[in-house]
Every structure is written in structure tokens, then in C-alpha cells.
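Have a look below at one chain only, the form predicted on its own, in C-alpha cells format.
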Amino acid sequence: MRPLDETETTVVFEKLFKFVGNNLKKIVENPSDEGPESTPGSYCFRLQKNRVYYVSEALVKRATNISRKNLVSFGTCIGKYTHAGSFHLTIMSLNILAANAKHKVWLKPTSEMSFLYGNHVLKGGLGRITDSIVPGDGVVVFSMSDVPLGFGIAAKSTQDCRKLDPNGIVVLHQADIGEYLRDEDDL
């Protein structure tokens, strides 16, 4: 477990900024009530075995008592570095992304299951969409009852979605809560 270096921090923040925009400041400065201290601490990012964790500083202090070899996980795993060195957000970061999302998409109940099986979001399954989305933006996908289902990358802008045919792809799938069942051995 170690702090992220400057290049790793830049890569992680760029990926998070794609989804939360200026709300990234809220994530970094989020106060933590964990630990025995009466004053609230803060959260930080730590790297352990090529995975990036969002963890309170009080928990980091306690985790130093455990050897790196025996430490499996701590805090919220927000993503991991691949062998090629690129950074991918994992489904476990969904709660952080959903609370601070800049762009949102709501699905009709008929297309929720399709998304949870790993398929892209089609125009026919789109319930609502926030304004000012451009292609390439990070989008958090919700059900119509505001339950976060996953996240992806916008394939079309908000204006293009209005004149798109029902089978056109609106959001490219990246992660969904169905991965908890499909990939439970790897998480």
C-alpha cells in the first residue's frame, strides 16, 4: 500500500473527471468520520497490488499494521491498472460516481436487464438523458427509480439522440452491477 505518484494521480483524476467533472473536488475533499479522532479526517487514494483504493486516512493508519503481502483489500476499490499501464474504473466505484455524476442516463424498465447483461444502451431503451452530453463523455446509467445500474461512455450527443433510430447505440457499456455475479471471483 502506497500513495499514488504524480503520473498515476493524473491518470486516475483524468478518468474520474470524465465522469464527475468539477465534482472531483468534492470527492477529494470529502470529510471522513471514521476513526477515533473527534475532528473529521479526509479520504485519499492508495495503490495496492495494481488496484487503486479510495480510503479514509484513519483506515490507512490502521492498515499499516498489516503486511502488504497479507493485505487483500481496504476502502473502496475504484479501479485498477492493467499490465499495459492503462487505468480502468471498476464497478465498485459506482457509488462514488453516481453521487457526483455530471451526466446521467435513465433506462426504461424493459431495457434495464439488457444493460445488466453487459449490452450497450440503445435509443429505444432510453427513458431520460441530461442535456449537454457530447460523444466521449462519461455517463452514469440509472433505472427510472434512480437506482445506479452502471456507467459507460456516451456514443452520441444529447441532440443526436433525439433524431436517432431506436436501435442506435447511445451509451457504450463499461461496467454494470451485474458484474458482481458474472465476475465475482475476480472482484
Partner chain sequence: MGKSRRKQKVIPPPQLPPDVPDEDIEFSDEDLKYVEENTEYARFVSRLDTAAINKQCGGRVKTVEDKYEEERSKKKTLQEEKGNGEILVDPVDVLPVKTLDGKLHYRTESKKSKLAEADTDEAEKDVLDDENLLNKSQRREKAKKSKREAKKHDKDFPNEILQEEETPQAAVLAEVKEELSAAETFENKKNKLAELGMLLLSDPEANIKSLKEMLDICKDENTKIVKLGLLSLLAVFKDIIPGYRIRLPTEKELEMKISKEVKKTRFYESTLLKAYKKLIIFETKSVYNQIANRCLCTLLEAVPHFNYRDNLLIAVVRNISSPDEVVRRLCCSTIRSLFSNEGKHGGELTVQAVRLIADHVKAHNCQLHPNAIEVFMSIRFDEDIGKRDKEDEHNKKYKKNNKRKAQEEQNQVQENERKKSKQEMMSKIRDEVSADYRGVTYEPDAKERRKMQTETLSAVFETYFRILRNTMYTIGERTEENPTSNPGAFGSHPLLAPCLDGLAKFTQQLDLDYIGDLMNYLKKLASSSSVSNNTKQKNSKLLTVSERLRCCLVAFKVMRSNLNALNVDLQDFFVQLYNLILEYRPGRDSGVVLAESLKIMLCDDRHQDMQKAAAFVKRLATFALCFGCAESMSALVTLKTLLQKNVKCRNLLENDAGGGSVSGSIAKYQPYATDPNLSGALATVLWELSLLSKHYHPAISTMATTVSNMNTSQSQTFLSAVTPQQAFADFSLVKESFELKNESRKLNKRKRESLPEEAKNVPEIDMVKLSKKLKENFTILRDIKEDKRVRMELQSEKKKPMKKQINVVKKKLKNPKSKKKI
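What you are looking at is a predicted structure, and each value in this text was computed from that prediction instead of being measured. Residue numbers count along the first chain shown, from 1.
Note that the form predicted together with the partner chain isn't included here; everything after this is about it.
- Site residues Leu126, Asp131 and Thr158 are all in contact with the partner chain in the model of the complex, judged by any heavy atom within 4.5 Å.
- Of the heavy atoms in Ser145, some are within 4.5 Å of the partner chain in the model of the complex.
- The partner chain in the model of the complex comes within 4.5 Å of a heavy atom belonging to Lys26.
- Using a 4.5 Å cutoff between non-hydrogen atoms, Asn100 counts as a contact of the partner chain in the model of the complex.
- Taking non-hydrogen atoms only, Phe87 never approaches the partner chain to within 4.5 angstroms in the model of the complex.
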